Ligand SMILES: Nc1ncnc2c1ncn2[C@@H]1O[C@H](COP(=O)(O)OP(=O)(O)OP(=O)(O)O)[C@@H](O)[C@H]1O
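There is one chain below, alone, in structure tokens, taken in the form predicted alone.
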Amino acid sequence: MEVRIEDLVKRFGDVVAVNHVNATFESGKLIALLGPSGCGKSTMLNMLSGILPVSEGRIYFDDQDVTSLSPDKREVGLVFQNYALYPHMTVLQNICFPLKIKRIPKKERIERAKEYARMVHIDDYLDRLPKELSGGQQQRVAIARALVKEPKLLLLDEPLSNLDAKLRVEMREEIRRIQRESGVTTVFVTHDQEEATSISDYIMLMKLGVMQQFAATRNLYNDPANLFVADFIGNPTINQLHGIYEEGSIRADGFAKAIPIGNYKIEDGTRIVFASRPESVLVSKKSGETEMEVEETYISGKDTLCVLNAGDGFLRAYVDNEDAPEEKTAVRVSFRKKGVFVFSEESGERYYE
């Protein structure tokens, strides 16, 4: 099912939690709503589910306007952060419960519950109570309970936040597998960019209720719309040098030499941010446009992460272990075309060559 939101707004008194958002979620895809706390992502999810009324704008499921529909009429499955399982019911009873409410015959609801229990790999625990399950197992039960209704839209609100680090990795892969197997359009709320980028088809990145960018997952990394997006997506975080643009170079704050960055449509003297991915910084002992000093080095698998002194800022760069320079030595630095961006220091808007 395709989900379309048009000029969506949610106000709580004078606070605008979601500010005029427009997007289309393709049928059968997994979409992550990503951003820091208070950005409006859970509010958006609750408007999609019908739990929160919309202040302005419309929500469409395919061609049906569901803006004013109650949650029980939207055919939505919802998994909460705390799973919200019934403690006195077994796993089987928990999964069956939505079908019992719909007055589905007992034999059919048990068959369907067992089918979805198998899908989420919880079929060996049907007679257990929630307290007898691990956090990951409880999450699987909550997902099965949401899917057993065969919803047109599955909504997951920070479903991994209560799990330890190892289990989070395992369960996000499971969520992706389950989503692909079921084929249901899924919206997944998270503040963790690694979670979002690892399993989603598309990401909507939000800040203070405003959508910053909505794009295929890889595009947010390779083609960020603004400085916030470039900074939020990526680990290690993107390098940033602040300074003045001058004839195809940046005069970085505290750095004596101009660093060539390319010819952009920027007036000389404008304050800019020159941003580069660590893998886009080229370090050589002999060739390169700008000389810098190696401040520190860290071994990172087959590569060494070099921290380069660039005045008031610094650059992180990956270098093959065999070619890694010594600390406090001079190297030559240049940049690839890919993974390098220039932004307005004042507004964060991106400049293009």
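For every residue, the number given is its place in the sequence shown, counted from 1. Given the structure is predicted, the values throughout are model-derived calculations rather than measurements.
The protein also exists as the form predicted in complex with the named molecule; that form is not presented, and the subsequent description refers to it.
Stretch-level contact check against the named molecule in the predicted bound form with heavy atoms at 4.5 Å: of 30 to 38, 53 to 61, 300 to 308, 284 to 292, the positive one is 30 to 38.
Think of it this way: in the predicted bound form, the named molecule has a heavy atom of just one of 152, 191, 172, 207 within 4.5 Å, and the residue is 191.
With the partner omitted here, the residue from 331, 17, 342, 21 that has a non-hydrogen atom within 4.5 angstroms of the named molecule in the predicted bound form is 17.
Residue contact check for residue 42: one or more of its heavy atoms lie within 4.5 Å of the named molecule in the predicted bound form. Proximity of residue 195 to the named molecule in the predicted bound form falls outside the 4.5 Å heavy atom cutoff. Contact between residue 158 and the named molecule in the predicted bound form is found at the 4.5 Å heavy atom cutoff.
Along 122 to 141, no residue reaches a heavy atom to within 4.5 Å of the named molecule in the predicted bound form.
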